[in-house]
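What follows are C-alpha coordinates for two forms of the same protein chain, given separately as structure 1 and structure 2.
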Structure 1
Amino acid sequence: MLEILIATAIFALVLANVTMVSRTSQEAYRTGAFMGLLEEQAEQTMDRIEMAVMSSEHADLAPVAPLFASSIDYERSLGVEEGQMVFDDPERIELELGPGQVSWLQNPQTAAERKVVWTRHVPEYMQDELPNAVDDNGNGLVDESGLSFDMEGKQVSIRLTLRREDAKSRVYTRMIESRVTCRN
(Lines of atoms letter the chains of each structure in order from A and count residues from 1; the text may use other names and numbers.)
(Lines give C-alpha, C1' and ligand atoms only; values in the text may rest on other atoms or scores of the structure.)
Protein backbone atom coordinates (compact mmCIF):
# COMPACT_ATOMS: atom_id res chain seq x y z
CA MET A 1 0.00 0.00 0.00
CA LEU A 2 2.84 2.40 0.88
CA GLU A 3 4.49 1.66 -2.47
CA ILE A 4 1.31 2.56 -4.36
CA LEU A 5 1.02 5.82 -2.39
CA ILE A 6 4.66 6.74 -3.17
CA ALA A 7 4.23 5.85 -6.86
CA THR A 8 1.06 7.95 -7.04
CA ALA A 9 2.85 10.93 -5.42
CA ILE A 10 5.77 10.64 -7.85
CA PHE A 11 3.37 10.37 -10.81
CA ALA A 12 1.50 13.48 -9.59
CA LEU A 13 4.78 15.44 -9.30
CA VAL A 14 5.88 14.39 -12.79
CA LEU A 15 2.46 15.30 -14.19
CA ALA A 16 2.58 18.71 -12.48
CA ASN A 17 6.07 19.38 -13.92
CA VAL A 18 4.98 18.35 -17.40
CA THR A 19 1.96 20.67 -17.13
CA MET A 20 4.15 23.59 -15.98
CA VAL A 21 6.66 23.02 -18.80
CA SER A 22 3.83 22.79 -21.31
CA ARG A 23 2.29 26.08 -20.12
CA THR A 24 5.66 27.82 -20.17
CA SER A 25 6.44 26.63 -23.68
CA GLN A 26 2.98 27.64 -24.92
CA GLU A 27 3.43 31.11 -23.42
CA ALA A 28 6.89 31.42 -24.98
CA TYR A 29 5.44 30.38 -28.33
CA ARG A 30 2.62 32.95 -28.07
CA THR A 31 5.08 35.70 -27.13
CA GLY A 32 7.40 34.76 -29.98
CA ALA A 33 4.53 34.64 -32.46
CA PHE A 34 3.23 38.03 -31.26
CA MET A 35 6.70 39.59 -31.57
CA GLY A 36 7.15 37.97 -34.97
CA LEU A 37 3.93 39.54 -36.24
CA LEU A 38 4.96 42.93 -34.85
CA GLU A 39 8.38 42.58 -36.49
CA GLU A 40 6.82 41.59 -39.81
CA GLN A 41 4.39 44.51 -39.67
CA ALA A 42 7.23 46.97 -38.97
CA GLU A 43 9.42 45.58 -41.76
CA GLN A 44 6.59 45.53 -44.29
CA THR A 45 5.69 49.15 -43.52
CA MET A 46 9.34 50.22 -43.67
CA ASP A 47 9.73 48.47 -47.05
CA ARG A 48 6.76 50.42 -48.42
CA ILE A 49 8.12 53.72 -47.12
CA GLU A 50 11.62 53.01 -48.46
CA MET A 51 10.35 52.08 -51.93
CA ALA A 52 8.20 55.22 -52.12
CA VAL A 53 11.03 57.54 -51.05
CA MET A 54 13.68 55.82 -53.22
CA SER A 55 11.44 56.02 -56.29
CA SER A 56 10.83 59.73 -55.80
CA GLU A 57 12.68 62.29 -57.83
CA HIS A 58 12.82 64.58 -54.86
CA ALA A 59 11.31 64.74 -51.44
CA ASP A 60 10.30 67.73 -49.36
CA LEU A 61 10.60 67.81 -45.61
CA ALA A 62 9.84 70.65 -43.30
CA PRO A 63 11.60 71.15 -40.97
CA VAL A 64 14.98 69.84 -42.12
CA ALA A 65 17.81 68.24 -40.11
CA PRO A 66 18.68 68.35 -37.25
CA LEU A 67 14.95 68.45 -36.67
CA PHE A 68 12.54 65.83 -37.93
CA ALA A 69 9.17 65.63 -39.62
CA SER A 70 6.41 63.07 -39.15
CA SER A 71 5.38 63.32 -42.82
CA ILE A 72 7.13 63.51 -46.16
CA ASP A 73 5.86 64.90 -49.46
CA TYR A 74 7.36 63.60 -52.70
CA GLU A 75 6.78 63.19 -56.43
CA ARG A 76 7.84 60.41 -58.74
CA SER A 77 9.28 61.21 -62.17
CA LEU A 78 7.39 59.83 -65.14
CA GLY A 79 10.20 60.77 -67.51
CA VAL A 80 10.96 63.57 -69.92
CA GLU A 81 8.44 64.94 -72.37
CA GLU A 82 9.40 67.68 -74.85
CA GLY A 83 12.56 68.35 -72.86
CA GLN A 84 10.71 68.86 -69.59
CA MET A 85 10.63 66.51 -66.61
CA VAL A 86 7.10 65.16 -66.03
CA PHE A 87 6.03 64.19 -62.52
CA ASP A 88 3.27 61.95 -61.21
CA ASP A 89 0.64 63.26 -58.79
CA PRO A 90 2.04 64.46 -55.46
CA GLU A 91 2.17 61.87 -52.68
CA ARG A 92 2.60 62.00 -48.92
CA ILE A 93 3.44 59.53 -46.18
CA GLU A 94 2.31 60.74 -42.77
CA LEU A 95 1.75 59.77 -39.18
CA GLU A 96 -1.78 60.39 -37.98
CA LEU A 97 -1.48 60.68 -34.21
CA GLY A 98 -5.16 60.31 -33.28
CA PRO A 99 -5.53 56.77 -34.57
CA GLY A 100 -1.75 56.13 -34.41
CA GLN A 101 -1.40 55.06 -38.00
CA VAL A 102 0.90 55.58 -40.97
CA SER A 103 -0.99 56.58 -44.12
CA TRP A 104 -0.03 57.02 -47.76
CA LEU A 105 -1.88 59.76 -49.63
CA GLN A 106 -2.01 60.63 -53.30
CA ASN A 107 -3.05 64.19 -54.16
CA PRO A 108 -3.19 65.14 -50.46
CA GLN A 109 -5.64 67.85 -49.41
CA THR A 110 -7.43 67.91 -52.77
CA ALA A 111 -10.79 66.62 -53.96
CA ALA A 112 -8.95 63.78 -55.76
CA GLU A 113 -7.19 62.61 -52.58
CA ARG A 114 -6.66 58.87 -52.19
CA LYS A 115 -5.62 57.38 -48.87
CA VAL A 116 -4.34 53.97 -47.80
CA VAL A 117 -3.47 53.06 -44.20
CA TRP A 118 -0.16 51.17 -44.20
CA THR A 119 0.00 50.31 -40.50
CA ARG A 120 -1.53 50.99 -37.12
CA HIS A 121 -0.18 50.83 -33.56
CA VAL A 122 2.27 53.72 -33.99
CA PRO A 123 2.83 55.52 -30.67
CA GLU A 124 3.03 59.26 -30.33
CA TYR A 125 6.76 59.11 -29.51
CA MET A 126 9.65 57.01 -30.77
CA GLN A 127 10.87 54.11 -28.63
CA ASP A 128 12.77 55.38 -25.55
CA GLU A 129 11.71 58.98 -26.29
CA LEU A 130 9.81 61.09 -23.75
CA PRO A 131 8.07 64.45 -24.31
CA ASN A 132 10.64 66.42 -22.29
CA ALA A 133 12.62 68.51 -24.83
CA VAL A 134 15.62 66.17 -24.41
CA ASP A 135 17.15 63.65 -26.81
CA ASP A 136 16.29 60.61 -24.65
CA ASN A 137 17.28 57.90 -27.14
CA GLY A 138 20.58 59.55 -28.17
CA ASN A 139 19.99 59.82 -31.93
CA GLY A 140 20.35 63.60 -32.19
CA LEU A 141 16.61 64.31 -32.45
CA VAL A 142 14.48 65.70 -29.65
CA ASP A 143 11.06 64.25 -28.81
CA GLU A 144 10.64 62.61 -32.22
CA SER A 145 7.35 60.99 -33.06
CA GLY A 146 6.64 57.29 -33.72
CA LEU A 147 7.32 57.92 -37.41
CA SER A 148 10.06 60.40 -38.18
CA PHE A 149 11.94 61.53 -41.23
CA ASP A 150 15.03 63.69 -41.41
CA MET A 151 16.90 64.60 -44.54
CA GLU A 152 20.49 65.37 -45.40
CA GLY A 153 21.00 66.12 -49.08
CA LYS A 154 19.19 63.41 -51.03
CA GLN A 155 19.39 60.94 -48.14
CA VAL A 156 16.36 60.42 -45.93
CA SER A 157 16.55 58.73 -42.53
CA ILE A 158 13.34 56.94 -41.61
CA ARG A 159 12.48 55.71 -38.11
CA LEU A 160 9.34 53.80 -37.20
CA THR A 161 8.13 52.47 -33.86
CA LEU A 162 5.23 50.08 -33.41
CA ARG A 163 3.75 49.34 -29.99
CA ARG A 164 1.11 46.69 -29.33
CA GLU A 165 -0.50 45.18 -26.29
CA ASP A 166 -1.28 41.47 -26.15
CA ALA A 167 -4.31 39.77 -24.59
CA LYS A 168 -2.57 39.76 -21.19
CA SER A 169 -1.92 43.54 -21.34
CA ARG A 170 1.83 43.13 -21.90
CA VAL A 171 3.22 45.86 -24.14
CA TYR A 172 5.65 44.99 -26.94
CA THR A 173 7.62 47.60 -28.87
CA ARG A 174 9.60 47.34 -32.08
CA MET A 175 11.65 50.19 -33.54
CA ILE A 176 13.09 49.95 -37.05
CA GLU A 177 15.35 52.43 -38.80
CA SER A 178 16.59 52.92 -42.36
CA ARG A 179 18.42 55.43 -44.54
CA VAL A 180 17.57 55.71 -48.24
CA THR A 181 18.52 57.99 -51.13
CA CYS A 182 16.06 59.71 -53.47
CA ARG A 183 16.63 59.33 -57.20
CA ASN A 184 18.71 61.92 -59.09
Structure 2
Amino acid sequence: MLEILIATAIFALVLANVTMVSRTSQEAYRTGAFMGLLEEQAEQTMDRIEMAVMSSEHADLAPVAPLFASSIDYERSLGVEEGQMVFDDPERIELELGPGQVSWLQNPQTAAERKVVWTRHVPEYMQDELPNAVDDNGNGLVDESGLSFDMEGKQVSIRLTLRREDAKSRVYTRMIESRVTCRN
Protein backbone atom coordinates (compact mmCIF):
# COMPACT_ATOMS: atom_id res chain seq x y z
CA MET A 1 0.00 0.00 0.00
CA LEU A 2 2.71 2.36 0.94
CA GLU A 3 4.61 1.46 -2.15
CA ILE A 4 1.62 2.20 -4.25
CA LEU A 5 1.18 5.50 -2.59
CA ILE A 6 4.79 6.40 -3.10
CA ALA A 7 4.73 5.27 -6.68
CA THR A 8 1.56 7.17 -7.30
CA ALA A 9 2.98 10.25 -5.73
CA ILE A 10 6.14 10.07 -7.78
CA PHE A 11 4.16 9.41 -10.90
CA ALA A 12 1.93 12.37 -10.19
CA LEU A 13 4.98 14.53 -9.60
CA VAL A 14 6.57 13.46 -12.85
CA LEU A 15 3.33 13.94 -14.68
CA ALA A 16 2.91 17.37 -13.22
CA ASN A 17 6.41 18.34 -14.23
CA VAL A 18 5.92 16.97 -17.67
CA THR A 19 2.69 18.87 -17.97
CA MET A 20 4.34 22.05 -16.80
CA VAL A 21 7.17 21.62 -19.23
CA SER A 22 4.75 20.90 -21.96
CA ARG A 23 2.65 23.92 -21.20
CA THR A 24 5.65 26.18 -20.86
CA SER A 25 7.04 24.91 -24.11
CA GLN A 26 3.76 25.42 -25.83
CA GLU A 27 3.53 28.89 -24.41
CA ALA A 28 7.05 29.70 -25.49
CA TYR A 29 6.37 28.28 -28.87
CA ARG A 30 3.18 30.28 -29.27
CA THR A 31 4.96 33.43 -28.27
CA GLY A 32 7.84 32.73 -30.58
CA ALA A 33 5.57 31.77 -33.42
CA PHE A 34 3.46 34.84 -32.92
CA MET A 35 6.50 37.09 -32.86
CA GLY A 36 7.88 35.30 -35.89
CA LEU A 37 4.64 35.81 -37.70
CA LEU A 38 4.61 39.46 -36.79
CA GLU A 39 8.20 39.88 -37.88
CA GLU A 40 7.54 38.10 -41.13
CA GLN A 41 4.56 40.33 -41.76
CA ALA A 42 6.57 43.44 -41.02
CA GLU A 43 9.45 42.37 -43.24
CA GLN A 44 7.19 41.43 -46.11
CA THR A 45 5.50 44.80 -45.94
CA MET A 46 8.79 46.60 -45.69
CA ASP A 47 10.15 44.67 -48.69
CA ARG A 48 7.18 45.73 -50.75
CA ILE A 49 7.56 49.35 -49.73
CA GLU A 50 11.29 49.29 -50.43
CA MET A 51 10.94 47.79 -53.88
CA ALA A 52 8.25 50.26 -54.79
CA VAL A 53 10.23 53.28 -53.66
CA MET A 54 13.50 52.08 -55.21
CA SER A 55 11.95 51.76 -58.64
CA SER A 56 10.62 55.27 -58.57
CA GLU A 57 12.07 58.58 -59.48
CA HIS A 58 12.65 61.10 -56.77
CA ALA A 59 9.57 60.35 -54.70
CA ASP A 60 7.22 63.13 -53.85
CA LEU A 61 7.87 63.49 -50.22
CA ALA A 62 8.44 66.81 -48.64
CA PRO A 63 9.18 66.25 -44.99
CA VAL A 64 12.65 66.23 -43.61
CA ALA A 65 13.34 65.06 -40.08
CA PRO A 66 12.06 65.85 -37.48
CA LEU A 67 9.00 66.09 -39.66
CA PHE A 68 7.69 62.96 -41.30
CA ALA A 69 4.94 61.77 -43.58
CA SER A 70 2.63 58.82 -43.29
CA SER A 71 2.24 58.44 -47.02
CA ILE A 72 4.41 58.61 -50.06
CA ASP A 73 3.49 59.31 -53.66
CA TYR A 74 5.66 57.99 -56.44
CA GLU A 75 5.76 56.71 -59.99
CA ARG A 76 7.54 53.54 -60.92
CA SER A 77 9.74 53.36 -63.96
CA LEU A 78 8.65 51.03 -66.72
CA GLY A 79 11.76 51.45 -68.82
CA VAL A 80 13.09 53.69 -71.53
CA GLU A 81 11.45 54.47 -74.83
CA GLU A 82 13.10 56.65 -77.45
CA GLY A 83 15.60 57.82 -74.92
CA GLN A 84 12.99 58.96 -72.43
CA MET A 85 11.99 57.20 -69.25
CA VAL A 86 8.45 55.88 -69.15
CA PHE A 87 6.59 55.82 -65.86
CA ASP A 88 3.68 53.77 -64.64
CA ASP A 89 0.48 55.25 -63.21
CA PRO A 90 0.87 57.23 -59.99
CA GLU A 91 0.95 55.15 -56.84
CA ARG A 92 0.71 55.86 -53.19
CA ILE A 93 1.54 54.00 -50.02
CA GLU A 94 -0.26 55.35 -47.01
CA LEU A 95 -1.20 54.57 -43.45
CA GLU A 96 -4.91 54.55 -42.74
CA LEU A 97 -5.14 55.43 -39.09
CA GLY A 98 -8.69 54.29 -38.57
CA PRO A 99 -8.34 50.67 -39.49
CA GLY A 100 -4.62 50.80 -38.73
CA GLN A 101 -3.55 49.40 -42.05
CA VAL A 102 -0.99 50.13 -44.72
CA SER A 103 -2.56 50.42 -48.14
CA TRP A 104 -1.16 50.64 -51.60
CA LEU A 105 -3.15 52.67 -54.09
CA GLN A 106 -2.79 53.08 -57.80
CA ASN A 107 -4.22 56.20 -59.38
CA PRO A 108 -5.24 57.49 -55.95
CA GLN A 109 -8.25 59.77 -55.74
CA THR A 110 -9.30 59.04 -59.27
CA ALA A 111 -12.04 56.98 -60.81
CA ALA A 112 -9.52 54.30 -61.72
CA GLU A 113 -8.21 53.94 -58.20
CA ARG A 114 -7.07 50.49 -57.15
CA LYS A 115 -6.35 49.63 -53.57
CA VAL A 116 -4.60 46.74 -51.90
CA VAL A 117 -4.12 46.39 -48.16
CA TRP A 118 -0.58 45.30 -47.50
CA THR A 119 -0.78 44.87 -43.78
CA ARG A 120 -2.93 45.57 -40.76
CA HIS A 121 -2.24 46.00 -37.06
CA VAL A 122 -0.34 49.25 -37.53
CA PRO A 123 -0.65 51.39 -34.42
CA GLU A 124 -1.16 55.09 -34.40
CA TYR A 125 2.28 55.81 -33.03
CA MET A 126 5.67 54.23 -33.54
CA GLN A 127 7.02 51.83 -30.96
CA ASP A 128 8.17 53.65 -27.82
CA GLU A 129 6.68 56.87 -29.12
CA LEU A 130 4.13 58.87 -27.16
CA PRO A 131 1.98 61.77 -28.35
CA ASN A 132 3.85 64.39 -26.37
CA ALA A 133 5.68 66.44 -29.03
CA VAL A 134 8.95 64.89 -27.95
CA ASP A 135 11.23 62.46 -29.74
CA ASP A 136 10.73 59.66 -27.22
CA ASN A 137 12.48 56.91 -29.12
CA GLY A 138 15.44 59.05 -30.17
CA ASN A 139 15.19 58.47 -33.90
CA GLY A 140 15.01 62.10 -34.83
CA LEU A 141 11.29 62.19 -35.49
CA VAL A 142 8.65 63.64 -33.22
CA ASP A 143 5.45 61.71 -32.53
CA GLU A 144 5.81 59.73 -35.72
CA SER A 145 3.02 57.40 -36.69
CA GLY A 146 3.18 53.63 -37.09
CA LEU A 147 4.28 54.12 -40.67
CA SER A 148 6.56 57.05 -41.34
CA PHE A 149 8.66 58.31 -44.20
CA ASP A 150 11.27 61.02 -44.22
CA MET A 151 13.73 62.05 -46.90
CA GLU A 152 17.32 63.10 -47.07
CA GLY A 153 18.30 63.87 -50.61
CA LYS A 154 17.27 60.90 -52.69
CA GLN A 155 17.26 58.59 -49.68
CA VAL A 156 13.99 57.70 -48.03
CA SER A 157 13.89 56.39 -44.48
CA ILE A 158 10.97 54.07 -43.79
CA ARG A 159 9.82 53.00 -40.35
CA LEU A 160 7.02 50.57 -39.67
CA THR A 161 5.57 49.29 -36.41
CA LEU A 162 3.15 46.40 -36.09
CA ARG A 163 1.24 45.64 -32.93
CA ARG A 164 -0.96 42.63 -32.30
CA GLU A 165 -2.69 40.93 -29.42
CA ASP A 166 -2.80 37.20 -29.08
CA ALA A 167 -5.69 35.11 -27.78
CA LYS A 168 -4.72 35.95 -24.25
CA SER A 169 -4.65 39.68 -24.93
CA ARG A 170 -0.93 39.90 -24.65
CA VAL A 171 0.46 42.66 -26.87
CA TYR A 172 3.34 42.03 -29.18
CA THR A 173 5.11 44.86 -30.99
CA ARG A 174 7.62 44.74 -33.79
CA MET A 175 9.35 47.76 -35.29
CA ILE A 176 11.38 47.64 -38.47
CA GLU A 177 13.15 50.41 -40.32
CA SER A 178 15.03 50.73 -43.54
CA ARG A 179 16.59 53.30 -45.81
CA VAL A 180 16.46 53.12 -49.58
CA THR A 181 17.54 55.30 -52.45
CA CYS A 182 15.31 56.22 -55.37
CA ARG A 183 17.21 54.69 -58.26
CA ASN A 184 15.72 56.75 -61.05
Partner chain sequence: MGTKPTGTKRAGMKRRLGRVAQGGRAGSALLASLMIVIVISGLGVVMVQLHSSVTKKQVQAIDQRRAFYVAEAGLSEAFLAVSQGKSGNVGSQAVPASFGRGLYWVEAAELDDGDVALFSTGLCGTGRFAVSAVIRRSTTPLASLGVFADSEMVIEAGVQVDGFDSDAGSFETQALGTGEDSTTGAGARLCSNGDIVLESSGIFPGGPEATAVFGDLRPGPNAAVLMGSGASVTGSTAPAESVVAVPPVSVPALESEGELVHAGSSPAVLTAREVRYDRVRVESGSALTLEGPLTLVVGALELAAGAELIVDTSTGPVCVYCTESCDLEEGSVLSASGSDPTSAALFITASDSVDADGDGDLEHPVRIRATGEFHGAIYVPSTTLSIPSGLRLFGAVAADRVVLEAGARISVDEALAQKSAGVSALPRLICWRIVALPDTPLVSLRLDPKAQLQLKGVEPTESHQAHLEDFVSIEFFDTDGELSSYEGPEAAFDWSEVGVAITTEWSADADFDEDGTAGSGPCAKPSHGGQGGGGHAKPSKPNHEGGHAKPHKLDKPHKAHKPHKPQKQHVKPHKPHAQKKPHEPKAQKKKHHRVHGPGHHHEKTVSGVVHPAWDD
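By rigid core we mean the largest C-alpha set that fits within 1.5 Å across both forms. Note that this is a predicted model, so its numbers are computed, not measured. Numbering for residues begins at 1 and runs along the sequence of structure 1.
Only structure 1 is derived from the form predicted alone.
Comparing the forms between the two structures, the C-alpha position of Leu97 differs by less than 2 angstroms, with the core used for superposition.
The Cα position of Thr110 differs by less than 2 Å between the two structures after fitting on the rigid core. For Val80, the Cα shift between the two structures is 4.3 Å when the rigid core is held fixed in the overlay.
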